[in-house]
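A lone chain, given as structure tokens: the form predicted on its own.
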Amino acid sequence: MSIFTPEHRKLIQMFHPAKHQEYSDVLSSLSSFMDKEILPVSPKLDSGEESIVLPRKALFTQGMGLVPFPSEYGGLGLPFSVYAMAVELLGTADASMALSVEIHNAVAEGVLRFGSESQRARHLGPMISGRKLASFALTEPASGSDAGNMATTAEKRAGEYVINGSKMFITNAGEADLYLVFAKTSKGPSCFLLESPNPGLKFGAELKKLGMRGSKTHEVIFSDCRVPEENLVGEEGKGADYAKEILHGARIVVAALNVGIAQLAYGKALAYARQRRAFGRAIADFQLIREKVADTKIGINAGRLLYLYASKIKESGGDYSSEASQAKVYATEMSLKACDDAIQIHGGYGYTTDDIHRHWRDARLLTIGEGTSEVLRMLISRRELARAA
């Protein structure tokens, strides 16, 4: 059975009635590839038996990176909500690949929105086609949520910037061809495109993680790392604003990714509950198991609607910062609960079988990355109080 379900088709028809067949065809084609080529290798990506590189490249060849970007750069120009749903499907196939692609496309959106025309012309085509892999370098060893307190510096010298400092927990690091780097200049936090290799760009050892093991994560170290002046993205001192805007969109996509994780864990739990017998009957017949099934299904549907709602506001050009954060907080916490319930339904097998508990391990990161639940609750409350004033 395809990971692109009749439920997805219904939602496409609801949100995009005029072009629902076109968008459904795109998602169905992508999901068919994911079913055949990504889902079967997902356990091996988690265990390290296979590398993410070749299947990710094949996924880009299928057009995954093209979905939300304008046709003038080679993209399909489809609505953001369709792209978010594509990431949900990818999250069902393999969460670590979905994370790698989400980070990559967040950088591409940053270049599209804030880069110069020459930067867009040079980088966007290769990025969205997958010929160049991108990485988002914002978090530092001592400043995660407090990005305004970054210590990495960029000093302007004779037509170039010299970057010194380090970034931590950077997805796609060591593999990426292009890094969107945030560093402080004399005018404040600023944003730069850094191409790899570069003599001043180095990487710490690969970080060992609880989950999302298919994607690579490293410390990134800048030691007199020189970038041309024209690699400044936008204006000096506006980097914090650009990061916030990029992250608002990324939070919608992370919410979608988590719905995908929850969907896969739910499907496995449902199948197991129907075939596992105890006390003479299937455990799916017991009321407390049925309660977990019901709660998970409610959560998946609610998370999906939240990220689609935030996507539609983004598409309309409205302020979606609160809605994006709401979608991320709800979907990430829902996904953790769904995966935990899937482990509980599987009993001892849930705790000892990698292919069950890896979904919880993957989901666990995403209440932290792209804005912790605690920080996002502050953002939501601040935004809602301002709206009510």
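As the structure is a prediction and not an experimental result, all values here were calculated from the model. All residue numbers are counted from 1 along the displayed sequence.
What comes next is about the form predicted in complex with a small molecule, which is not displayed.
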| said: With a cut-off of 4.5 Å between heavy atoms, is Met127 one of the residues that contacts the small molecule in the model of the complex? | reply: no
| task | Determine whether any heavy atom of Gly148 comes within 4.5 Å of a heavy atom of the small molecule in the model of the complex, and answer yes or no. | result | no
| task | Mark Ala176 yes when one of its heavy atoms lies within 4.5 Å of a heavy atom of the small molecule in the model of the complex, and no otherwise. | result | no
| request: Using the partner position in the model of the complex, report whether Gln21 sits within 4.5 Å of the small molecule, counting heavy atoms only. | output: no
| note | Students should find that, of Ala154, Ala84, Ala137, Ala269, the residue having a non-hydrogen atom no more than 4.5 angstroms from the small molecule in the model of the complex is Ala137
| query | With the small molecule left out of view, which of Lys187, Lys209, Lys312, Arg290 would have a heavy atom within 4.5 Å of it in the model of the complex? | reply | Lys209
| message | So, a 4.5 angstroms cut-off on heavy atom distances: do all three of Leu365, Thr372 and Val375 pass it with respect to the small molecule in the model of the complex? | response | yes
| request: Choose from 298 to 306, 163 to 171, 112 to 120, 255 to 263 the stretch whose residues reach within 4.5 Å of the small molecule in the model of the complex, heavy atoms counted. | output: 163 to 171
